[in-house]
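In the block that follows, a single chain appears as structure tokens, in the form predicted on its own.
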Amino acid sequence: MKPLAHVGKALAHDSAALHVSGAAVYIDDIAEIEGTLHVAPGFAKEGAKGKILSINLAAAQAAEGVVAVLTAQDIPGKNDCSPVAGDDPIFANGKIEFHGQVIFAVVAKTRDAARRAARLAVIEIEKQKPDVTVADALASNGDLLPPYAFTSKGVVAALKNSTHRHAGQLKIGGQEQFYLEGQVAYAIPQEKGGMFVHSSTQHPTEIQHCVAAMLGIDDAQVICQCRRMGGAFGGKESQAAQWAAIAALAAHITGHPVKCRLDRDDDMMLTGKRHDFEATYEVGLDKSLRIAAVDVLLAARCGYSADLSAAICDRTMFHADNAYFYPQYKIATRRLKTNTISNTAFRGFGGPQGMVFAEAMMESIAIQHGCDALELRKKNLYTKQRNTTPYGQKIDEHLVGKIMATLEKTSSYQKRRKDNAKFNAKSSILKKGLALTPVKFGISFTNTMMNQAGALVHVYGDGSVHLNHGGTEMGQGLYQKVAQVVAEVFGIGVDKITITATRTDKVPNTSPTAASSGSDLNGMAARNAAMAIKARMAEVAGRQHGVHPSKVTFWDGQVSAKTKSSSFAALATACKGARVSLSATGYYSTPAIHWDRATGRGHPFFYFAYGASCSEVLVDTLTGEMKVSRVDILHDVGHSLNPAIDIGQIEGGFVQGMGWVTTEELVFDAEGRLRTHAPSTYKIPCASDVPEDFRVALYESKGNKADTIYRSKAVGEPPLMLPISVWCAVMNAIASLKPGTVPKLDAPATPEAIMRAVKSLGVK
């Protein structure tokens, strides 16, 4: 059997040269059709909750360059852009429920004119006191969605009978996606009332459906296309829909192409973030410090509408164990309504919040008992005997312990731990911290229906190949990986594969590119399409050379049988002459997964991705400043489809996650206004924050145990949870000030949070 020629190779991203040269075309780069108009959203200047008393749009309508001003009354179909619950109006009508909620939109000849005119509206709100924080919502008993829990029968007794019992609280902050390309859509009217929409979206089918419902037309009359996004991170899974709908409505009413591109400040104010949580827990342990029971309430700030909060909070619960076995448990959630923009998907989709709780709990236990947190973690990992999750899925692949043990050696963890203890004993102000934490992340949409994908492949008479599938490219290299899969099937160079934009009229009814499953789903669908064509081509080659089709091989641009061969291009020409179809659709649905939410039991994940990271920090306990001095990562990607892209995903995911747990703080005032709504007030990691000593390695895997595309594993989301080790290292450093006492450190560990944690120890 010949080795793989394209899959597993470290090939450059398909748009790498275009990216660095500035030639990659994003939606705002598309040459505008003559007569293109621009639309800008409008909202009340004051108020986060209340009845709309009056709207005066006269000044906006009279402004120079304005063509139209749109409100809810102009929508011919449904005034809704929600992904699930039907509770998210495109234009607020009668009331507002968060500061900045869109009430109208101005269509003008230029973007500047539209934005200036939108500010001229006079809107009066009968203001009511908003619920802004988790604490506000708990005090109001404001559940947006019903509470939900995984509960075992013996949790109360197990806690009561535990040798050791500890309680704790943790605030877990949200996070702005901060994609480089903001929300943007370009709508072009079609004949017979149809609409073509370019949208920077992870979910073209959702855009198609939303626009069609808003216009009151069939889905088939709307085409959505997305060639590439300048980042998304979950923020364009559901929340690209509103801006596409507004652009399409304006195009429908004016008969002109219309573009909607949000300003960065407006984008941050008007789009959802990662959910922030407050965790309150109690844990019981036996005399050897093995967990006997965990009782945790995870209270989430969801915002004013459901968006994707049900599934996100569920996934927080799925990952509240991280890699640890809980014999008895109550993992409960409250999904709380606040008068803030609805929070939404963000890389990890709730999983990071569950994991940071688990690791904070482990770090706290280790501090209280004066033991090495790594030994505590290893003692509580899932094993072959202790292998059932709180939701009933059996863990049948036990890699995380091996990964942690390998990283413990390669990172020199034990030696550095001793060195840090010596340093801290001599240094009264600067303190070093070290932590090694695992990641176990479930791969699949927990909504089983979404685990499906389609692809369309054409082979042309000259042997070139056209590839299309339902996955979207947001910089993560999905298009390149799927192209490598198709090249492998046909035995031709990747340069012969033409990658085309994701379009709803080529591959219908797609799922979003999310849940880390883009390569798993679309790679397999494209492979199935290519295999169907290859089988037909092999039949022709077999007849030409007098052999059974199974004896025909496709390799290095050649198609061979016995001692005879011809080029792939020549065979394609022959197939066309023989009237053999060289086009096929491919379809794939993930097998062996199921989930019964009513009982809280099932097998929601096809497999788990694993990894571990070891982080060392230096903390200034006088100022709260912190520096990450070294990071070691070992991550499991199965048989990598493209190791260069996978390592890039791990590095990028780590830095983004490090920002979440250290510097990125969302601040709302008491009136519900987001105060951190620009790069000047919201601190994402920059180049100087990346550890100078940053060591990333791929685990030497024997291949995914699950039957995935070439036995690879997903790599999009799991790396974001690796930098929880940074937060734990900060906790470890602060705790050295007063051994045995747990600092009150929340996430993110900003300088202010670090200083509060230092003061909580009462050390002078």
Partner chain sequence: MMALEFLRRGKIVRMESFAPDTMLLDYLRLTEKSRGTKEGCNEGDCGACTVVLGEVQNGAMNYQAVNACILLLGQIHGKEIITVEDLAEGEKLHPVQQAMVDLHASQCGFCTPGFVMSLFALGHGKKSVTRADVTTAIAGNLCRCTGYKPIIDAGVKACQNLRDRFAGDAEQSIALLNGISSETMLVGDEQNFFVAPSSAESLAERAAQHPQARVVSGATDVGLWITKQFKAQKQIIFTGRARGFAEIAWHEAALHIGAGATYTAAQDGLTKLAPDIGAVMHRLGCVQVRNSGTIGGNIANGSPIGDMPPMLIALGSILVLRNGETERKMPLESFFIDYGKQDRKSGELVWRIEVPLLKQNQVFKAYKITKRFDQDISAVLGAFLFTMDKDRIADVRIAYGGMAATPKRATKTETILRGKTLQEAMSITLNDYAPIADMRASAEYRREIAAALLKKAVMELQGAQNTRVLA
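Residue numbers count along the first chain shown, from 1. Here the structure is a predicted model, which means the values were calculated and not measured.
The following text describes the form predicted in complex with its partner chain, which does not appear among the structures shown.
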Review point. Wondering, does Glu665 line up within 4.5 Å of its partner chain in the predicted complex on heavy atoms?
Key: yes
Practice item. Look up in the predicted complex whether Ala598 has a non-hydrogen atom within 4.5 angstroms of its partner chain, and give yes or no. Key: no
Point to revise | Contact label in the predicted complex: Glu206 to its partner chain, heavy atom within 4.5 Å | key: no
**Study point:** Gln169, heavy atom within 4.5 angstroms of its partner chain in the predicted complex
**Key:** no
Practice item. Quick one: find which of 370 to 378, 258 to 266, 243 to 251, 76 to 84 has residues within 4.5 Å of its partner chain in the predicted complex by heavy atom distance. Key: 258 to 266
Point to revise | Position in contact with its partner chain when the complex is considered in the predicted complex, options Ser680, Ser140, Thr498, Gln414, heavy atoms within 4.5 Å | key: Ser680
Check your understanding: Exactly one of Ile429, Ala578, Ala425, Val122 has a non-hydrogen atom within 4.5 Å of its partner chain in the predicted complex; which residue is it?
Key -> Ile429
Practice item. For the stretch 170 to 195, return the residues whose heavy atoms include at least one within 4.5 Å of its partner chain in the predicted complex, in the order they occur. Key: Gln175, Glu176, Gln177, Phe178, Leu180, Glu181
